[in-house]
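We begin with a single chain expressed as structure tokens, specifically the form predicted on its own.
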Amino acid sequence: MKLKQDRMSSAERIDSLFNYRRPDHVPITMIAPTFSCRNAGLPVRVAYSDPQLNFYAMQWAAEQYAWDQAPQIVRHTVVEAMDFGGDVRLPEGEYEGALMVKSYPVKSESDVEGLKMPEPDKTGMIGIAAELGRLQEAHGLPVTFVSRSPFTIASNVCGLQQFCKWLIKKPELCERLMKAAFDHTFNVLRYWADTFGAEKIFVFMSSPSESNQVISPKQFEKFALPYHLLYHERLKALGIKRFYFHVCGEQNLNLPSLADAPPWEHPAILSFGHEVDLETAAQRFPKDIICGNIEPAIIQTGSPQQVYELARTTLEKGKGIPGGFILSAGCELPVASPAANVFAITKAVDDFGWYAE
């Protein structure tokens, strides 16, 4: 749908933020590949297995709920445990929305030694992701490259519990896994740049395993932050300019380190969970576009009126952020979110999200 006073297209709205100009209204974006499939009456596994059906499901959802595809976030390009040889199954059942790891590729210290680098153009779901990228390119959308942070990829190769034990007892094993994760990510990203052109690529990265519910800020600074710095050195070398970073979960104690050494080019889109106050995020990262952060659980389990009110109060906080603001859920839109609740967010923007001409 179009909102009642639209003065810009979706692309114009996002471009205005990247040029530090006010758009016509606060943009709406969602991490919603699995919700989009469910919304279109498709099995959730389509988000991982059928790029054409998934692409059009996301297009229908974006039009239905007036989402700005900035970028259109897909599942997946780099798929961690699967890419390195783990046994992974597609989601099943009513509430599953993610791949499920049945067996990790690294179970022991010796497995770290024997870990083989995946082929960048053939491994896991890379072929499916590339086909979806071609559909994005054909429809004039940015071509999305999706990865998690090297720290998170490494933890998903051996399992988060094992990784956290090794952080304390065998940190050299974690370093080897993070280096392998980093190298694989950029092997695939170079393939993306060669296939689509760096100027068309919009990189999306998330970092859930860096949550302070998992590691301390000192561990973040010692182990995770150096790879964020390297990540952006490589992005700059490849000529990729647009970056969306989902700082997933409770990461308040990590924000000072990120803010002191922000490695990305400004502006970037920085997305936060409901655990991080939007005003705090804006103060820490004044040169970036802040995105978030309606609590996903309320979108799934609350009433439309509750979601509408929460969206309204989030808009009140975010609308005046100097670097720009995008309204979104604080993480992926739950697969079982009621359509009326998702529409309540759109309605809140239509009622309260406009900027003066």
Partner chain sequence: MASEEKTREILKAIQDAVVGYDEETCERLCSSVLEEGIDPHRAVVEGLTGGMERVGELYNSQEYFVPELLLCADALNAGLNVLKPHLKIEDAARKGKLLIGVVEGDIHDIGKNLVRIMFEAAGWDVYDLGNNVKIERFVEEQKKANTDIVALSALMTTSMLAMPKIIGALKAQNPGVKVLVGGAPLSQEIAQRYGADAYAPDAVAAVKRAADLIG
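Just so it is clear, the model here is predicted, and its values are computed rather than measured. Numbering follows the first chain given and starts at 1.
Quick note: we don't show the form predicted in complex with its partner chain, though the next part is all about it.
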Verify the contact flag for Pro263: yes if a non-hydrogen atom of it lies within 4.5 Å of a non-hydrogen atom of its partner chain in the predicted complex, no if not. no
Given that the partner is absent here, does Arg134 sit within 4.5 Å of its partner chain in the predicted complex, heavy atoms only? no
Give a yes/no on whether Arg89 approaches its partner chain to within 4.5 Å in the predicted complex, heavy atoms considered. yes
So in the predicted complex, is its partner chain close enough to Ala259 to count as touching (4.5 Å, heavy atoms)? no
Exactly one residue in Ala198, Leu230, Leu160, Leu115 has a non-hydrogen atom within 4.5 Å of its partner chain in the predicted complex; which is it? Leu160
Counting any non-hydrogen atom inside 4.5 Å, which residue from Ile128, Leu253, Leu278, Ala193 sits next to its partner chain in the predicted complex? Leu253
Please determine whether each residue of Met100, Gln300 and Pro334 possesses a non-hydrogen atom within 4.5 angstroms of its partner chain in the predicted complex. yes
If we take heavy atoms and a 4.5 Å cut-off, which stretch out of 171-179, 89-97, 236-244, 120-128 is in contact with its partner chain in the predicted complex? 89-97
Relative to its partner chain in the predicted complex, which residues of 205-239 have a heavy atom no more than 4.5 Å away? Asn212, Gln213, Val214, Ile215, Ser216, Pro217, Gln219
